[in-house]
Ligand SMILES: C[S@@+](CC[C@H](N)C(=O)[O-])C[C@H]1O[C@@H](n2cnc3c(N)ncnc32)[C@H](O)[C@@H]1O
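Just one chain is shown here, as structure tokens, and it is the form predicted alone.
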């Protein structure tokens, strides 16, 4: 699902980039169990901040960073530093139907993306499909109680099919064979964590 104007402004803001790099990226890095993840996938890459974090903080040798919105992919390509051109490949893709083979990636990343999906469980099924056995899934997601807030509903365009509680998220991960190895919850607002495919 494409973002509305307010969501694009927030997603592409320097404040969001700072938070991703200095808070989310560092927290998620501590939640993983390996020193490096050679081949990584990012769903919903936006303007490319997450892909840069994966390259710099997760020991990724190659990253395929995808987004449903071609405009965001073009921004990401323009923002890509020359020294990362051989490491990061940006492409348009639907996270609910990834054009990638089974069990390809050492890690998959979702920096606040699943709650934008019309069917978040379908996207999660794709994440599990493309992860190698013992591969890890890193996530940062907003929870249903926050998205159901009156102001958030009026300002954003999050689909009803992208809303979930913490328990629903845990149950869906388990159903896809992904075991949570670390999880941090901030009230009923956001969760950050890592899971490993069994």
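Numbering follows the first chain given and starts at 1. In this text the structure is predicted, and so the values were computed from the model without any measurement.
Although not depicted, the form predicted in complex with this ligand is the subject of the following passage.
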Please determine, with the chain shown alone, which of 28-36, 168-176, 144-152, 60-68 has non-hydrogen atoms within 4.5 Å of this ligand in the predicted complex.
-> 60-68
Using 4.5 Å between non-hydrogen atoms, is residue 94 touching this ligand in the predicted complex?
-> yes
Taking heavy atoms and a 4.5 Å cut-off, does residue 88 contact this ligand in the predicted complex?
-> no
Verify the contact flag for residue 111: yes if a non-hydrogen atom of it lies within 4.5 Å of a non-hydrogen atom of this ligand in the predicted complex, no if not.
-> yes
Heavy atoms within 4.5 Å of this ligand in the predicted complex: does residue 135 have any?
-> no
Check all three, 107, 131 and 182, heavy atom within 4.5 Å of this ligand in the predicted complex = no
Members of 14-33 lying within 4.5 angstroms of this ligand, judged by heavy atom, in the predicted complex | 16, 20
